[in-house]
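Heads up, the chain below is alone and in the form predicted on its own; it's given as structure tokens.
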């Protein structure tokens, strides 16, 4: 049973990690495409329109990859996690069905019109189609995170005698206190990804002295969007999300921060340390006294419960993984603020386009928003364990009892091979689009 559960979790973790490489770019990029098209309508300068159409090609490629890699996850609800679907389908089916029926079709339909309908529609209606693509992508994220938020903090439900969850308050799904901070934090993180991608492509053009006008536009747009989103993802949304965890999942918060023992007189914030679960302590830690108490409760001496206050059976099942995922996310977020701040200072001084070390830095940083987003989601998911629905349904109770570990491992290996090929194909196609560059004055 433990092997079966392990492989079920590994398969879903792998498929969803690979899948989310694509929506995190499309959600942020859709906003930047709308911005470029809006700038064109205001200024009538063709490079903004050409930029919007160029990035919509990248968006379309990411969207296609997201669809292809998203479908297998839906099937896993019926194969690996059939018991979970049987028990909670009356609730999570609501938001997942709405995401498929409304958001996905809105996004996909108007994507086609944006790509191929500019001459027929005219520029104003073309802008509307781009805005509706943006609306569909952000609505999709909202409904998915509404599902996730219910699993983290279940509301508006009742449990029948047969153990099934049913919804008794539909509006509670969308007024869940977990939803808004998680959604805003996630969407801003997706803007960070798109900002680094756009600025990295612009830096590539400037360093190679090709498409230099677009290089300047992409770098400028990317670093401005990047600084704003990097700051907002830390505060207020990151702070709000962390306080939600401290309030509703205190055992998770203790594990995230590496607090094994409750400290009197305020809790320190750990900058570096290695969790030693066996001895229930942090090894080689570097910490600042009382700061965590102040950040969490605005009191220097506020007490934060350590893991010793909770039953071990309710501990997150992978405390080191949760601790490192959280600290990698926070550490990278801090670096993002720093590099985007430096880039904006140079932009203000009108020296950014010739400051090669910053341009190289923007290119080098390209993969790190993807890592930060991934570790952010790992923090949320590892933190909820050992529960599928927090405090109500354990992960072991949601797995399908009839799917063997051998079957799951076989299909996991198949997914790894297939996704490796899909990833290589994506990189080749994206590379061709970027190397070719924006096409001028094709209205």
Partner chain sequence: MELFWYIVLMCMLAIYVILDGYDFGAGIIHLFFAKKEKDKKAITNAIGPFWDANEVWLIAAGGVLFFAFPTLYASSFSGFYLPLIIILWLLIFRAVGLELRGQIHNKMWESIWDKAFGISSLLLALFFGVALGNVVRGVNLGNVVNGVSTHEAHYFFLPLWNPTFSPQTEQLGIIDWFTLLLGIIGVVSLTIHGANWIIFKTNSNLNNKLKRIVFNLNFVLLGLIVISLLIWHIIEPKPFHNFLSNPWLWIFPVITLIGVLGLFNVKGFKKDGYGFLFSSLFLFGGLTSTVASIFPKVLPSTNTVNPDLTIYNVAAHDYGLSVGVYWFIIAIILVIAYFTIQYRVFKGKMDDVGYGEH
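Everything quoted here is computed from the prediction, not taken from an experiment. Residue numbers count along the first chain shown, from 1.
We do not show the form predicted in complex with the partner chain, though everything after this point is about it.
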- Query: Would the partner chain in the model of the complex be within 4.5 angstroms of a non-hydrogen atom of every residue among 16, 280 and 290?
  - Reply: no
- Query: Which listed residue (403, 392, 396, 31) meets the criterion of a heavy atom within 4.5 Å of the partner chain in the model of the complex?
  - Reply: 403
- Item | Contact residue in the model of the complex, from 111, 352, 206, 245 (heavy atom within 4.5 Å of the partner chain) | 111
- Message: Can you tell me if residue 116 lies within 4.5 angstroms of the partner chain in the model of the complex, counting non-hydrogen atoms only?
- Response: yes
- Any chance residue 79 has a heavy atom within 4.5 Å of the partner chain in the model of the complex? yes
- Query: Do residue 385 and the partner chain come within 4.5 Å of each other in the model of the complex, heavy atoms counted?
  - Reply: no
- Would residue 86 count as a contact of the partner chain in the model of the complex, using a 4.5 angstroms cut-off between non-hydrogen atoms? yes
- Message: Just to confirm the contact call: exactly one of 31 to 39, 405 to 413, 370 to 378, 44 to 52 touches the partner chain in the model of the complex at a 4.5 Å heavy atom cutoff, so which is it?
- Response: 405 to 413
- Stretch 80 to 112: residues contacting the partner chain in the model of the complex, 4.5 Å heavy atom cut-off: 80, 82, 83, 85, 86, 89, 90, 92, 93, 94, 96, 97, 98, 100, 101, 102, 104, 105, 106, 108, 109, 110, 111, 112
